[in-house]
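First, one chain by itself in C-alpha cells, the form predicted on its own.
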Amino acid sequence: MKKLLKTLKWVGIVLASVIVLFVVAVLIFKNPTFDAPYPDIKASKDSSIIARGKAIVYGPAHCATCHGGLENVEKVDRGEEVALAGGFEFKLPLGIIRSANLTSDPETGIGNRTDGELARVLRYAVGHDGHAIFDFMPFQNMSDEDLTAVISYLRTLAPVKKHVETIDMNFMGEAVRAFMIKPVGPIATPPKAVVPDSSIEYGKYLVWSVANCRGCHTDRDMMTGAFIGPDFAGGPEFEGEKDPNFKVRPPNITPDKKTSKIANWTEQFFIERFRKGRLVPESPMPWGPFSRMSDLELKAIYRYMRTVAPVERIPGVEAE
C-alpha cells in the first residue's frame, strides 16, 4: 500500500510538472508572429473595379454576412448595404472569434492599414501585427484582379467607430494559437485574372477561392479549424445564432446518388433554389448573397460540383 501511495505521489508530481511546463510554454509562446510577403496589390478608384469588388463582397464571397454583424444579416439577405463594422461572433470550443471592422475608421477599422497589409491578410492569413489569423476566409488563391477589386471597394466604405475584440480565447484556445495556428497561403501562384463564364474551371475558382463552399460542407476540427473529413461530404454541426436549440449540419453536396443533398438536382432547379434565398431563418448558409449570384456564376458552380468525387456519407457519419 505504501509503495502504491508513493508511486501515485510521484505520478502526481510528474503530471503537475508537465502542466506547469505547458502553462509556462503557452505564456512564453503566446501570440507568435510570422513573416509573409506583402502582395503587390494597389487599390483602384476606377468605378468598374470598385463595382466588381462590391459584387464579390455582397455576392459569392458573402463578406457582408459576417462583417455586417449578426444584427444586419436579414438586411444583407434583402440586398441592403450595411456598415461592415464587424462583430459577428463565431462561438467555438476554444473561445470566440469575431469578424473585424472593415470600415475606413483609422482607429477601429482599416483606415490606417496599407493595401499590402490588407492583401497579406487575405492571401496569407497574417495580420498587420504579424499574428496568424484563423482560417475562416478562403481567399488565398483569389486572382490579383479580384483581390484588387475587393480592397478597392473596401476603401470606399464610410468610417464607423466600433472597436471589435476579434479574439477572445480561453486557455485551451491560447494554447492552440501558440502551437497550432499557422499562416495559410496560396497552394500555387494565384492567377492574375480569371475570366467569368459558366465553365467548370470558373466554377472551381468560385467554390474554392471565393465562396468557401468547402469551409462549411467539409467536416472540421472545431478546435483548430483543420479539415478532417472528405471534401464537400458534409460539415460540422452548427447551432442557431438566435436559437441555440436549432442544430444543423451542412449537407453532403458531392454527386453521390444516395446521400448527397443535390446529386439529383438539375441545373435549372439548382439555380431556382438559390434564387429563393433563405427559407430556414437559422440556416448558416449565406443564402441572401448567394441568391444574388448571376446565372453564369451559379451554372459554373453547379457544373464544377458535378465533377467532384462522390462520397457516400451522411454528415456526422464516417465515410465508408
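The numbering used is simple: start at 1 and walk along the sequence shown. Source: prediction; values computed, not measured.
This protein has a second form, the form predicted in complex with a small molecule, left out of what is shown; the following refers to that one.
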Using a 4.5 Å heavy atom cut-off, state whether Asn212 contacts the small molecule in the model of the complex. yes
Decide whether Pro251 counts as a contact residue for the small molecule in the model of the complex under a heavy atom distance cut-off of 4.5 Å. yes
Can you check whether Trp265 is within 4.5 Å of the small molecule in the model of the complex, heavy atom basis? yes
So in the model of the complex, does Thr148 come within 4.5 Å of the small molecule, heavy atom to heavy atom? no
Answer with one of Val176, Ala83, Val76, Ala100: the residue that has a non-hydrogen atom within 4.5 Å of the small molecule in the model of the complex. Ala100
Taking the small molecule in the model of the complex, would Ala36, Ser143 and Val184 all count as contacting it (heavy atom within 4.5 Å)? no
